[in-house]
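A single chain comes next, written as structure tokens; it is the form predicted on its own.
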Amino acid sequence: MADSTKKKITVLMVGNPNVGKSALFNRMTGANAMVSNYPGTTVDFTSGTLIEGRQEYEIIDVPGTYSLEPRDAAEEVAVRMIRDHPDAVVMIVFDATKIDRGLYIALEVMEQGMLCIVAVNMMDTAHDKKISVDTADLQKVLGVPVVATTATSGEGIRELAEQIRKAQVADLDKIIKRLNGEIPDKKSVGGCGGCGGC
């Protein structure tokens, strides 16, 4: 009975332009999408619904941005959406062939203290370019769930949807220490990559 009264959770899909966010959004929400203008702007955004494990999520495809220091109207809206939804889960979408670019916006978002999950998208393109991405290692470093996806084929979409509930607030101090080798590897928790959300 309690399940029917669960509050809808907002999920903001954030990432650089051209990382496949829209394809990922379509895979997660199906045909159930609505395009709107962000209040006071001419910038469009798309929202839709995902139901996973009796939990309803409102998925919002945030305009692509390279950083939280906006340089145009779309990036300004992206920053406003993040600031206007402090209780949202942020799904940070990476291009698997350009992880370094994704890390920049990811760390900026994590600085906001929001619940985060990472989707490393376009894994098929990375494979074609012979680029290897160790998502388990990335998860250990960031301390949040990391899921490999290919939106065009649907690979990893179910796991990504299931992992939203395990989103974590990243500890930037620990991330820096892990990157500097100051925190030794611990055994994975419950078989996942060690995000601590299991």
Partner chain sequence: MVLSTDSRWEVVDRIARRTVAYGTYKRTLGDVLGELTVKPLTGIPVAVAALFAFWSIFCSFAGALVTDGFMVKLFDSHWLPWLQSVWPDPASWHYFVFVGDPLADNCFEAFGVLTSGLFVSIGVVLPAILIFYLMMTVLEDSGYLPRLAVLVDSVLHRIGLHGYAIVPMILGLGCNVPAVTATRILETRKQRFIMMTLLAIFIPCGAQLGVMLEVIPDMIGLVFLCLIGGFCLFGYILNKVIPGENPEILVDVPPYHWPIRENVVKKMWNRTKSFLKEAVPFVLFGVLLVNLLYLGGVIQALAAFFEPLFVTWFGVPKETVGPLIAGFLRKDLAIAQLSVIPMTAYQMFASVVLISIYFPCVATFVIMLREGWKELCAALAVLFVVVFVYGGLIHAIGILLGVA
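Keep in mind that what you see is a predicted model, and the values were worked out from it rather than measured. Residue numbers count along the first chain shown, from 1.
Omitted here: the form predicted in complex with its partner chain. The next part is about that form.
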So which of 142, 160, 167, 59 reaches within 4.5 angstroms of its partner chain in the model of the complex, heavy atom to heavy atom?
142
So in the model of the complex, does any heavy atom of residue 98 sit within 4.5 Å of its partner chain?
yes
Partner contact for residue 83 in the model of the complex: its partner chain, 4.5 angstroms, heavy atom:
no
If you check in the model of the complex, is residue 138 within 4.5 Å of its partner chain, heavy atoms only?
yes
Taking any heavy atom pair closer than or equal to 4.5 Å as contact, tell me whether residue 152 reaches its partner chain in the model of the complex.
yes
What are the residues of 114 to 139, in order along the chain, with a heavy atom within 4.5 Å of its partner chain in the model of the complex?
125, 128, 129, 130, 131, 132, 133, 134, 137, 138
With a difference of at least 3 Å, the CA distance of residue 87 and residue 40 in the model of the complex shows the atoms farther
Quick one: residue 38 and residue 169 C-alpha atoms, closer or farther in the model of the complex compared with this form (3 angstroms or more)?
farther
